[in-house]
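For reference, the chain that follows is the form predicted on its own, supplied as structure tokens.
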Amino acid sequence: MSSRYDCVVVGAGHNGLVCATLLARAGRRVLVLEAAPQVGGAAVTREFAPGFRVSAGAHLLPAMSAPLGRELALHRHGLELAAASVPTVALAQDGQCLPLDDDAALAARSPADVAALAAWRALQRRFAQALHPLLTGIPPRLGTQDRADRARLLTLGWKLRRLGRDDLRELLRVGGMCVHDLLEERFELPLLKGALALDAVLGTNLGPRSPGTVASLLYRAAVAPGAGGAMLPAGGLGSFAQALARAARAAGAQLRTAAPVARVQVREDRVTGVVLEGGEEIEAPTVISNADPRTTFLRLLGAEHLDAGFVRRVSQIRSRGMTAKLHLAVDGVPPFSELPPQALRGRLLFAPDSDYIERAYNHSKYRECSEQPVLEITVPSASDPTLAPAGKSVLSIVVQYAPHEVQGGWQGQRQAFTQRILATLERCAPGLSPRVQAAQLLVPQDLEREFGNQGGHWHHAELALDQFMMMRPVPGAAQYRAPVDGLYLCGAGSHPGGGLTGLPGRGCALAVLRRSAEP
């Protein structure tokens, strides 16, 4: 391989692969370097017990925005879906369930909530359509005379103005609210409010009463407005990453795995390439980091190349992980007694009400695991039998809240927390524990070690109003460009944020191409 490229991408996570594909299609000579033996970052499928495979990090693929989906054409590169739209079912502590996409089931419990939910979803769609343009490209800077920035601000203003007076006023009113208050205004059923509140806080260091959680909920809708529910790729999330890798190679990008980068090389205040841990030097005038901002600036680049104020802002990025992942190998079908068999193909939420989530969050403030955790449960083998041996099942569970640092250390807490999660599962699936043949718990420290994101945070940086849009990750690096010429960010810590959307990678590719076109 040549050691000279136009662009080097550090990290073959999904955003890095999206960025590499778009740059290679634009004619750039691109090399992607990945420290792990396989591409995908947290979007990988692996065996955690003999015969049982699971998506190690994220376990559902949010629907990508239509333009990016058309650009990548992943179906041509082998991406197949085991489930094209995963329904959501809320689970109660007595084993009862509430399908959120079944108006008849909802009407049987609360006729008023059927109309309220339809009205909220319609309003959310209108908000999403207005906000989506701001999430799909380079975020505008404020107070600039740059024509491109001013054009983006005008476009956003026009989209918001088209909402009309009533919707715009409502967006301004609710945008900074806590989701608990919003749900109390609109809905009656505690189970419905718990499910919607969980969507606002999943993967974050926030509770339903935290300010700005409505913005987090709107973000999830705005990244892909009108695209439907989450998807389950056949073979797990690893097949999604492999399709991205094939798209990158087809565009002309080169990929190297087991090639950890030790540092970004700088000469005369400009990036000149990277140095691998083995000492190999690779030259490139543009280096794009898919790592989190703190890793990029403080470890790969080094504080000596940055001014003190910028280093202080980067050091203060909030990225304290609160989310764990539990994988279970189960004999037979999980005994969710009140669920019809087809519901096991869906997304099962155990968050009985908003106050339950808030109480679970309270423990994390004091470096404690939740006594009664909140769960997002999937049974991927129900849609894709290849993930488990015949007659057996795989459960993949996202768990809130599990702090990155706990009192006494995770070595002494891991088994106890696993048992606490199983006890919580028993409330809606009595008799599950004796069927568990193997269990693997990944806490934020494991996610940090295995996938490299400091703090173990799923989004690299908290999705909060002060770390959002043109302030993400920090002022001075909010348009993917670092203060050092030639260095860019394309990971979840950059605009617009986390989730398997590919939008940070796309936005970064646009920023690189725009920069190269400048005189």
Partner chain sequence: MSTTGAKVHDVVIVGGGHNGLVTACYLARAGLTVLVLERQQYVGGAAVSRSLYPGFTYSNCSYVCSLLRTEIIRDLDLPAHGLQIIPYEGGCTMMRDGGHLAVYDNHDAMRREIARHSHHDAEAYERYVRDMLRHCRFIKPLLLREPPDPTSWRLRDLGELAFLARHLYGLGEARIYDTLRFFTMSCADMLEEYFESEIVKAHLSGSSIIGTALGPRSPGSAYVLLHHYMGSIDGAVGAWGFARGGMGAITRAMAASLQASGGAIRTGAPVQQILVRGGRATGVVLADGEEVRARTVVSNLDVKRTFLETVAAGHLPPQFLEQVRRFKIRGSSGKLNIALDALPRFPAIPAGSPAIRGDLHITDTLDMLERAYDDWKAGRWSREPYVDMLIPTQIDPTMAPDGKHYMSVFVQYCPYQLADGEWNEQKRQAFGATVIDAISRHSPDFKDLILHAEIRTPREIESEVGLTEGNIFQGELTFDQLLFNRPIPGFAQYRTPIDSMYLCGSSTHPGGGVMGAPGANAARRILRDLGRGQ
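Positions refer to the first chain, counted from 1. Being a predicted model, the structure only gives us computed values, none of them experimental.
The next section is about a form of this same protein that is not shown, the form predicted in complex with its partner chain.
Contact with its partner chain, judged by heavy atoms within 4.5 Å in the predicted complex, is confined among 48-56, 447-455, 467-475, 25-33 to 467-475. For Glu358, a non-hydrogen atom is located within 4.5 Å of its partner chain in the predicted complex, even though that partner is not displayed. For the chain shown alone, Thr295 is not a contact residue for its partner chain in the predicted complex, no non-hydrogen atom being within 4.5 angstroms. When its partner chain is considered in the predicted complex, Pro285 lies well away from it, no heavy atom lying within 4.5 Å. Taking non-hydrogen atoms only, Gln124 never approaches its partner chain to within 4.5 angstroms in the predicted complex. This chain is drawn without its partner chain; in the predicted complex, the residue among Leu142, Ala73, Ala119, Ala84 with a heavy atom within 4.5 Å of it is Leu142. Residue in contact with its partner chain in the predicted complex (any heavy atom within 4.5 Å), chosen from Ala112, Ala262, Ala250, Leu168: Leu168. For the three marked residues, Met177, Ser210 and Glu368, a heavy atom of each sits within 4.5 Å of its partner chain in the predicted complex. Counting a residue when any of its non-hydrogen atoms is within 4.5 Å of its partner chain in the predicted complex, there are no hits in 47-62.
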